[in-house]
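Below you will find one chain, with nothing else, as structure tokens; this is the form predicted on its own, and questions on how it binds or moves follow later.
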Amino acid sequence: MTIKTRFAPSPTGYLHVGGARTALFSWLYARKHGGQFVLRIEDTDLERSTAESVNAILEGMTWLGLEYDEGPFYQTKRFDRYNEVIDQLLESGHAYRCDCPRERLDQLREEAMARKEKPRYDGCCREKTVNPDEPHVVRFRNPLDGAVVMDDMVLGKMVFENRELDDLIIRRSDGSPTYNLSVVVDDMDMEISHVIRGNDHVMNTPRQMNILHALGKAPPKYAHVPMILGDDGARLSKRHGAVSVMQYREQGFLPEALLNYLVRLGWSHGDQEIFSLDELTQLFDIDQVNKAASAFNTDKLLWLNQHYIKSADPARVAHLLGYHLGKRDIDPANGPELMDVVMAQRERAQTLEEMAEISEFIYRDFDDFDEKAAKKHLRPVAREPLERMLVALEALEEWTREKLHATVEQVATELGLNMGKVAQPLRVAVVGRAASPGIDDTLFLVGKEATLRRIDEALGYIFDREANTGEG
């Protein structure tokens, strides 16, 4: 059997991380078994579906690197096909027209809820002849007895009694097909072999299986994966922080880090934490996914992201970093090679956004010194080391890391100080705070002109401090 999976989001918002994990599971299953992966946009909800949401889904899939073999297919372009199947079901007696008014249906719902029963249609129009020219919906004639048995690849064997399933609407009064009908026709026409989706769809599955049986088709295999929860045990939502895939891009996460993290929400391979996509393609299988929901842990994602920042090709990280610098109105061309920035900062940042933030000093002067750092390191005692460094660096002809390190070391030796007594005031003078890469990297990245200018400003700060406080 040819394996064919699909990811079928509704374009009513951004690509949620829960949807991204479902897409990843479907993509991995197809890749592992030499099959095909289909992208389908389920846009039959005409009121809520938007072009912006479609673009957000496509952009998210591209950023994650989840290439699809077929698609994207749009359900709104297949209405003729859905209506053809609905007419086929009407002709075979597996569907019927219903003209029950809204008031009657509302009353049925209220009465069922008062009895603490699940609301469902009572089949009033099953044997009734309804004028096709009058307003009506079309309902699927669900079997009244027997059961639907589903061997779910994640949840195991599940049995649904047909008497618990009502006659669902498959065509609305405006002539548009409903979700459950469209999905069935798409999966049938596209020859989907395995449907991997969230377990919030479990109750749709027996209804869809019955429609497929009525059409004389065998259902695909189903795998319903558990939800992702926030750290408080509630379903993951905006109040837990970022939930959109592209928000994670904006926050400076690498796509491979997010993919690696998402696959571990519900699946594991021993104690291994780090997986390349090639490894996942070899190791992943849907029947190893846990039944229980998994909690999202942002700290774990940050740890993974830092691992990938440190281990990824620096040229690639540099390319991605440029975007985050641009968001801060920094033109990376007006500075050192981005690869050099990455190599200096990759041990110090958990995200590319953080790397851009802590690298601003390389590209632009700062307005104020960090108060705590200046109070500790830009004291009058630092004036002589900084004056000596200003003279020595101004005379330096080769602005290399080696020469810079040697110059700092030489001034420290001449003054009879350890390196820290010279390097720390110098760092605060050039960076504005007490934390930065090694002093030779820091000076090299800032460049000669800016370094000399900032040391001069730091000396002015010390002079003003002496004048105002009487220190000396």
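Quick caveat, the model's predicted, so the values are computed rather than measured. All residue numbers are counted from 1 along the displayed sequence.
There is another form of the same protein, the form predicted in complex with a small molecule; it is not shown, and what comes next is about it.
Participant: At 4.5 angstroms, heavy atoms only, are 369, 374 and 454 all close to the small molecule in the predicted complex?
Facilitator: No, none of 369, 374 and 454 comes within 4.5 Å of the small molecule in the predicted complex.
Participant: Just one of 59, 42, 69, 441 has a heavy atom within 4.5 angstroms of the small molecule in the predicted complex, so which one?
Facilitator: So the residue touching the small molecule in the predicted complex, by this definition, is 42.
Participant: Of 170, 309, 183, 321, which residue is found within 4.5 angstroms of the small molecule in the predicted complex when only non-hydrogen atoms are counted?
Facilitator: Of the listed residues, the single hit is 183.
Participant: Give a yes/no on whether residue 78 approaches the small molecule to within 4.5 Å in the predicted complex, heavy atoms considered.
Facilitator: Contact check for residue 78: no, nothing within 4.5 Å of the small molecule in the predicted complex.
Participant: Using a 4.5 Å heavy atom cut-off, state whether residue 361 contacts the small molecule in the predicted complex.
Facilitator: Judged by the heavy-atom cut-off of 4.5 Å, residue 361 is well away from the small molecule in the predicted complex.
Participant: Is the gap between residue 197 and the small molecule in the predicted complex 4.5 Å or less for some heavy atom pair?
Facilitator: Residue 197 belongs to the contact set for the small molecule.
Participant: Contact with the small molecule in the predicted complex for residue 141, defined as at least one heavy atom pair within 4.5 Å: yes or no?
Facilitator: Close contact is absent here: in the predicted complex, residue 141 is far from the small molecule, nothing within 4.5 Å, heavy atoms only.
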